[in-house]
Ligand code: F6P
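Next comes just one chain, in structure tokens: the form predicted on its own.
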Amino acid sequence: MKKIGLLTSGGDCQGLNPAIRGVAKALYDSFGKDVKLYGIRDGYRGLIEGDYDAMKKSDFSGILTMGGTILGTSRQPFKEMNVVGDDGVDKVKAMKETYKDIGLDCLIILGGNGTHKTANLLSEEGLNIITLPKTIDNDLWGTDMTFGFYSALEVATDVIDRLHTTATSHGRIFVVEIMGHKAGWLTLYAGVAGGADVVLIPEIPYSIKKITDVIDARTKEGKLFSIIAVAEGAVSLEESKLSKKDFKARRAEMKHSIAYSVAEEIEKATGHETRVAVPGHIQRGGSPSPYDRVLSTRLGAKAAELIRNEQFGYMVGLSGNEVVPVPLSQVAGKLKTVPLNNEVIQCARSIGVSFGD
């Protein structure tokens, strides 16, 4: 009897349930009645506290189109995993004990960057681990695409599309804040797809003067509105020269998110009425897109194949159009940011999109 654990960690996103379903259906197809699946509740918290349930085959029915995760999730910072807190719990030891108490042959972990650091730690501790790449930021090393990205992209693009009509009607400037603290993939793609005039991403420090130059040029052409797509992790040219400590201190002093700061500076410099739209967690919610349903199902099925072949210590990633295993040691701790020579950036520049530089 094979015993397989399932765990979703970090922020939720579209595609988690289809991935869980893909794993389960492929395992049942391979092992029939000789496999038992266990759902770990609320991510690593459940693994630490021994909070889990044996799952039935029926638990995986009807979840293909569902957003979120049926297992629940939580954020457990990697930097605290080796720290014994005030409760006296050795988290790594506790997770290993839960794994052994269930008698798992493998634990499948679905998550993003922080999740993969802990997954690699558990793999190094001798547990059989396989991971699946989940994040709307598409910033995981070792995979061309993460599930959740295209679903969030559809939402973010729809927001920009809808703002175009009200911006045009009132002759306003709209600053739209898109999720993405350290990588600008989502803002870049949504900005291009939604026809934004300016796209600000963490990888390219911006100048307010460059942005207002774009707005002034559009005004002279009779275009009284502008759409500015801003990643929540976008940084100004001035901020990019600060030390990490000073940068954090400066951001901590801000009363609002970066979009409001950009909007205030634009309105002050141009005199144009400037509004802010922050779709926030809406981007992570709702039903997964058809693309993400297919991708997450493929990744889940591949994870089951690795279990059949007893190949552990891997993340299942997408390379080109092929689903491939990638060593966890090559993934953990690495961030996939947008290269400055990225083809989409070059495309955007060629059609007149400004990056504020």
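Given the structure is predicted, the values throughout are model-derived calculations rather than measurements. In case it trips you up, residue 1 is the first one in the sequence shown, and so on.
Note that the form predicted in complex with the named molecule isn't included here; everything after this is about it.
Query raised in the report: in the predicted complex, does M179 have a heavy atom within 4.5 Å of the named molecule?
Result: Residue-level check for M179: yes, a contact with the named molecule.
Query raised in the report: Taking the shortest heavy atom distance, is I136 within 4.5 Å of the named molecule in the predicted complex?
Result: So I136 counts as contacting the named molecule.
Query raised in the report: Should H281 be classed as touching the named molecule in the predicted complex when contacts are defined as heavy atoms within 4.5 Å?
Result: Close contact exists here: in the predicted complex, H281 approaches the named molecule to within 4.5 Å, heavy atoms only.
Query - Non-hydrogen atom contact D105 with the named molecule in the predicted complex at 4.5 angstroms - result: Taking the distances in the predicted complex, the answer for D105 is no, it never comes within 4.5 Å of the named molecule.
Report task. Could you spot which one of R218, H272, R75, R250 gets a heavy atom to within 4.5 Å of the named molecule in the predicted complex? Result -> Looking at the other structure, the residue within range turns out to be R75.
Report task. Would you kindly say which of D161, E232, E97, E264 lies with a heavy atom within 4.5 Å of the named molecule in the predicted complex? Result -> The option sitting close enough to the partner is E232.
Report task. Using a 4.5 Å heavy atom cut-off, indicate which stretch of 164 to 172, 121 to 129, 180 to 188, 196 to 204 touches the named molecule in the predicted complex. Result -> Of the options, only 180 to 188 has residues within 4.5 Å of the partner.
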